[in-house]
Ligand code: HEM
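First, one chain by itself in structure tokens, the form predicted alone.
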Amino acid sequence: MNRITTLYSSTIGKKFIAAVTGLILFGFLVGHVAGNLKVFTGSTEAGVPHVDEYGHFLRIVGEPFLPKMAALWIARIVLLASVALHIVVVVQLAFRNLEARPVGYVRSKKSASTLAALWMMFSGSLIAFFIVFHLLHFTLGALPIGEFQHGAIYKNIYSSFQNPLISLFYVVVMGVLGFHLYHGVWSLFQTLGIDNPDRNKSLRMFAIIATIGIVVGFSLVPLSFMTGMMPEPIAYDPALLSH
């Protein structure tokens, strides 16, 4: 326990925790965008959207060894814990950096790293707000935006993204996520000791490509529904999902 406490209290330990939790969240984003893109794969012959099938799969994965929704809730708890821990250690690191500044620090001479850190704080705060908004919107259906029916993912998305303001809000946040993600992915390479002069160019290229892929993938969904490119949802029997 003392080792864990010592690790957490040290600057290096906090950077390591930020990198590991960031890696977990990066992996989630890759999987989440892949799942979202199922809205473009159409429906079954019975009219069940493939994205609804995917959502049903997430709810029953692990059965019969685990109760229904258990694996999904385990994943949610791990992700929410990672988000919370990531935010806490990043904020703590930011305050440590502020305390370490010389008394005569001149604002006009801020280093690029300081500006990047300030941007990460701003973008991270917006993303944290968006996570809460997104959970209330599409997971709980607690916001008065479009129609909401548990399990009817395609229908919920279609209804919400008919509103241009909601669609554009999602796209703007994805743009902010992109800047945050690029800096975060490159930073975790450095913190975990993966960076090396011989492969830094490739690692930066990976960070750029991964960031663009995630941002474009997420943004395509609201833009496609907002512009009328996607077909209207068709009513189907929810019992078909259990077959």
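Only a predicted model underlies this, so the values are computations on that prediction, with no experimental measurement involved. Counting begins at 1, following the sequence as shown.
This next part talks about the form predicted in complex with the ligand, which is not shown.
The ligand in the model of the complex is not approached by Thr211, whose heavy atoms all lie more than 4.5 angstroms from it. When contacts are judged by a 4.5 Å heavy atom cut-off, Gly124 counts as touching the ligand in the model of the complex.
Taking the partner from the other structure, the ligand in the model of the complex has a heavy atom within 4.5 Å of a heavy atom of Ala19. When contacts are judged by a 4.5 Å heavy atom cut-off, Leu29 counts as touching the ligand in the model of the complex. Partner contact region in the model of the complex: 181-189, out of 62-70, 196-204, 44-52, 181-189, criterion any non-hydrogen atom within 4.5 Å of the ligand. Checking Val78, Leu136, Val172, Ala128 against the ligand in the model of the complex, a heavy atom within 4.5 Å turns up for just one residue: Ala128. Residue in contact with the ligand in the model of the complex (any heavy atom within 4.5 Å), chosen from Leu93, Leu85, Ile166, Ala152: Leu93.
Taking a 4.5 Å heavy atom cutoff to the ligand in the model of the complex, none of the residues in 147-169 make contact.
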